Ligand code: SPV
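What follows is a single chain, given as structure tokens, in the form predicted on its own.
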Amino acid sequence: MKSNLEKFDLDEIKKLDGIKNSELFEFLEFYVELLNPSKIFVVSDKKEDFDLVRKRALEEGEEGRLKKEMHTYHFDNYYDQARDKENTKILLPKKEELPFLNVMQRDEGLKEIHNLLRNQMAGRTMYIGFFSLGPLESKFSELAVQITDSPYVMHSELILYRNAYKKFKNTPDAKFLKFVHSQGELDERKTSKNLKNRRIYFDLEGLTGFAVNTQYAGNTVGLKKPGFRITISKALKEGWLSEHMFLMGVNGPKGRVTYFTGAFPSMCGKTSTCTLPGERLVGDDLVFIKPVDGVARAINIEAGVFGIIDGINKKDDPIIWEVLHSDSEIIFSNVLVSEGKPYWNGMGEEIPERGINHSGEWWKGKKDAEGKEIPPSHKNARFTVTLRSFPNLDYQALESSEGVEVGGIIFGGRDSDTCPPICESLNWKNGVMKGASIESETTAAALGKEGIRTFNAMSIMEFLSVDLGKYLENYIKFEDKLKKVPKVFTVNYFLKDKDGRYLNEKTDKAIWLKWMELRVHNEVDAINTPLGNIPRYEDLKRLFKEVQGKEYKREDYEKQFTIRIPELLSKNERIRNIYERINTTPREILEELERERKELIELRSKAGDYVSPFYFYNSR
């Protein structure tokens, strides 16, 4: 390795002294030669290194300054605003067809990505960062190394993850995940130019993620969704769960705190749930769940938030709003910038008619090359900030090396006519089936066509890197490792009446959380239905009064928790049609779907298509 590094700054080489890891040096040697950088910069754990990365991002034009001192903005190429499904591929030792996955033979994929990366850093600086997915001293955590030529990408990672430079020095031959990124040739706006050659590949065998000719953080910040794909595969092999879930604490009676994880597709209430005022935020996006002495324990693998900013406003998201207007270090991505201030769609304030955004100079009514009007900010615009900026952060839980005990798992979906606002699964297998059946209904405002249901098992389909059936089998078997099994719940905040009005207030989720917390400890009863266990009116009435000082009407409860059998049977059929075509689907999933179908048909024969929750009171 020394021979490959002799041309570089001696001070940077010295930062690698003391790291005893042959695999690391082989990795660095190979990619230094392949990428051919003019300089390298090793990010140690010193503040001056962090400051220099931020300074470089500003000097090189990947970020711009905003009025607040620690606030910056970043723009991606107009056509590099999200994950590139077509050019995102899982590399496998031998090519095989797997449902929902875009796969490629490993040797072929490595050859292509290495050819695209060759000499990409000529004339540039290679940044090398050392990180930990999870608390530094936790056995749950995974170490990682990122190589990039983008100071913006490295800046983002320094906000989002724990620096593990010292950990690498103190842990000889530690195993680690590897990430290699080059933004490729840049245009005059300092955004990736050669999008036709954009590639995001994942070598599961080599625990390596690659990205080239892209800047969008979802593709390039290796420890985020690229790392997620790799750890899904690792978890499957080792018998634990790597999940697209928030982690939060719900405050119960007499100072008790119960921790929940939650998987929700985009626009289904994930962020608004885990940042709810009065509860405890631990993480908003990714968790590892592992069995420890028969208990499911979880960590948030991140230390920051890369959150969607679209629609965040002072009324509905008071805590996030407070963070975004604080003095914390924040990167605003793909928002509108006018006179040094960031603006975004749905912020509840007047938006200027001119400024700069991801399209360049922007004015109200501006259209793109396809004739579509360009909004002030992109719908996937983001903010990057440390979790320490959140006033409701449960810091002790965030940094616990043992993780927190998972009392409940929540699966969120979005439909206007099928599922009740809250339902508890009958058992673990039933809960896995419910998670495997998540659907998200599109809205007219977001996508132009309303009511299209998208299948999104466990809210993981965009990031799945393994056979779906085997992934679910690992979930089913996870119960066997536990003496204390978390309860599983489903939520749906978007139920409507026949006139299209929502049957729930946005604030009602606070009550559903309190009910779930009590159910975890068996402190309230529930009504057993073919769908699962639903709340009793008396308990919700009391909770609404105690928590929000509101009167909860009997007729509202009845509308919200009516069992809608035709719609439920229709969903059951849609999901069965998917899983019956996958030959690795665990039999438990199909058995639960069949049980639900039969019991719903039987209930319909007794009580009709739409069954009031009060029917179950009377049928006892």
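These numbers were taken from a predicted model, which means no experiment stands behind them. Residue numbers run from 1 along the displayed sequence.
There is another form of this protein, the form predicted together with this ligand, and it is not shown here; the text below is about that form.
### Query
Where, among 214 to 222, 394 to 402, 543 to 551, 407 to 415, do residues come within 4.5 Å of this ligand in the model of the complex by heavy atom distance?
It is the stretch 214 to 222.
### Candidate from Glu439, Asp285, Asp149, Asp317 lying within 4.5 Å of this ligand in the model of the complex - any heavy atom
Partner contact (heavy atom, 4.5 Å) among the options: Asp285.
#### Entry: Contact assignment for this ligand in the model of the complex, among Arg382, His155, His181, His74, heavy atom within 4.5 Å
Comparing distances to this ligand in the model of the complex, the residue within 4.5 Å is Arg382.
### Message
With a cut-off of 4.5 Å between heavy atoms, is Lys470 one of the residues that contacts this ligand in the model of the complex?
### Response
No, no contact at 4.5 Å.
### Lys166: touches this ligand in the model of the complex, heavy atom cutoff 4.5 angstroms
Looking in the model of the complex, residue contacts with this ligand do not include Lys166, since no heavy atom lies within 4.5 Å.
### Contact label in the model of the complex: His244 to this ligand, heavy atom within 4.5 Å
Answer yes; at least one heavy atom of His244 falls within 4.5 Å of this ligand in the model of the complex.
### Task
Report whether the minimum heavy atom distance between Tyr493 and this ligand in the model of the complex is within 4.5 Å.
Tyr493: no, not in contact with this ligand in the model of the complex.
### Task
Any residue of 297 to 312 with a heavy atom within 4.5 Å of this ligand in the model of the complex counts; write them all down in order.
Sequence-ordered list has one entry, Phe306.
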